[in-house]
Ligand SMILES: Cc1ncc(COP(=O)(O)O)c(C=O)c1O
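To begin, one chain is listed below as C-alpha cells, in the form predicted alone.
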Amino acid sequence: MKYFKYKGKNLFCEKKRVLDICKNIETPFYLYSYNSIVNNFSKLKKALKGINAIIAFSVKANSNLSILKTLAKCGAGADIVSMGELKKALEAGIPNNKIVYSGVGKSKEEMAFALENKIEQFNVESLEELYTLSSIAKKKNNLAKIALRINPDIIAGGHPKISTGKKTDKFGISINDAHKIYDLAKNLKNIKVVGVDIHIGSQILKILPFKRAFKKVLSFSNDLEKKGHNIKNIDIGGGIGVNYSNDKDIDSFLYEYVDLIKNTFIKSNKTIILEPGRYLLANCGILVTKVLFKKYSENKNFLILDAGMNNLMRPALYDAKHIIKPLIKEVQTNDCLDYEVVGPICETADILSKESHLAKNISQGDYLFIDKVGAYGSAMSSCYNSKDLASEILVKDEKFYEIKKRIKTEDLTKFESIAPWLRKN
C-alpha cells in the first residue's frame, strides 16, 4: 500500500490526511489513490515491453467511471461482461478495438450492442452462443470477431468459488469440443475467427498453473493454424493475485509471470491480451469505517462497525482475509485485544475479520480502515437491509473528489411504487 502511509499518527492517502476527508464524507466510504492506479498500470506496461500486448482491465473489478477514465488515459483496454460495463468503458474513452467481451450469459440485446460498437473480440463460451451471435450479426449485416474460451481443465485460484478453468466449472468449452466448434465457426458467413481465449481463475500466486495453461493454449493455437485458421489474438485472461495478508508487494511474482508470457508467446507474433483486475486495483483502495459498539462475550471480543457485508462481500463470499487498522495509529500497540470485527447486517456471515489485533481502548466513534479493497469491493456491494450504498472518493496528491455519491434509501425508493390496490385506506 505504497500510497497509503502513516505520517506521525495519521493515515494519509497520497498527500491527503484521511481524517480530514472523514469530516466531509459520511462513513463508510471507499477511498482510492489515483497515483497508485497509474503506478500499477505503468509497472505492468513497462514489464511487458517487447511484446505486442493489450492490457484489458477487468471492468467487473471496479466499474467506477473515474477509475475507468484513469486507466483509459494510461492506455488500457477493457474486459467486459455486460452491456452496462461496455457502455461505461466507452463513456470513459476506452477504444472499442481494445475491448473484449467475456461471460457465459450474453443476451441478444447485449450482443447486438457490442456488434454495433465494433469491439475487438467476443469470447464465446458455447456452441449455442456462437449460433446466436452469428444470427444477430447476419441480421445486422455485421461481422462478429470471435475467440472461443477454451477450458484447459487446470485447477487454479485462491478459493473454489474463483476457480474458472476446471472441466466442472461453467466457463469455457473443452479443448476436445473446441476443435469442432472452430471448424463450424469458420464456415459461418458473419463470424470471423480471430483468437483463442482462456481464463483459469483469480487470486493465483503460483506460476505453475499459468505455465501449464499457457503451454496448452499455445499448442492449441498452433493446431488451429495448421488447420487453416488465422489466429491473431491469444487472450490469456487475468488471475494475478495480490498479497492480502501483509503490506509486502508481489513484484517478484509479477516479473516471473511476465517472463513466462514472453518466453511462451514472443515467437508466436500474436497479440497477447491480458485481463488484470485485482492486480491493478486491489491495493489502490481502502474502506473507511467507524466503530459503532464493542461487545464482550465469555469467549470472544466483538467490534461492530458501520461497514458490513453489504459494503464488502469478499469475506462472506470467499472467506477472504483483509487487514483492518486504525486511522489514527496507536503509539502503544502492546495493550491490544483480538477482536472479531463484524458489520451491522442481520446475517451471521457478516464478519469482516475473524481475528484483528487492535487496541484494547478502541471506542465508539473511532475510525478504522480495511485495506486492499480497490478491486471487488464497491463493485460487489448491495443495499441489503435497505442500507445506503457507500460513497467513493478519489485522491490525487492533496486533492480529493467524490466520484460516486452516497446512494440513500430515499434515492432507491424513487424506483419503487405501491400497487394501486394497496393505496386505499
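It should be emphasised that the depicted structure is a prediction, and the values quoted were computed from it without experimental measurement. All residue numbers refer to positions in the sequence shown, first residue = 1.
Quick note: we don't show the form predicted in complex with the ligand, though the next part is all about it.
Taking a 4.5 Å heavy atom cutoff to the ligand in the model of the complex, the contact residue among 311, 289, 102, 283 is 102. This chain is drawn without the ligand; in the model of the complex, the residue among 217, 146, 240, 320 with a heavy atom within 4.5 Å of it is 240. Comment: 273-281 is the region of 273-281, 224-232, 300-308, 135-143 lying near the ligand in the model of the complex, near meaning a non-hydrogen atom within 4.5 Å.
Among heavy atoms of residue 376, some come within 4.5 Å of the ligand in the model of the complex. Taking the partner from elsewhere, residue 33 is found to have every heavy atom lying beyond 4.5 Å of the ligand in the model of the complex. Put simply, residue 60 is close to the ligand in the model of the complex: some heavy atom of it is within 4.5 Å. The closest non-hydrogen atom of residue 151 lies beyond 4.5 Å of the ligand in the model of the complex. In sequence order, 199, 201, 202, 203 are the residues of 182-211 having a heavy atom within 4.5 Å of the ligand in the model of the complex; the partner itself is omitted from this view.
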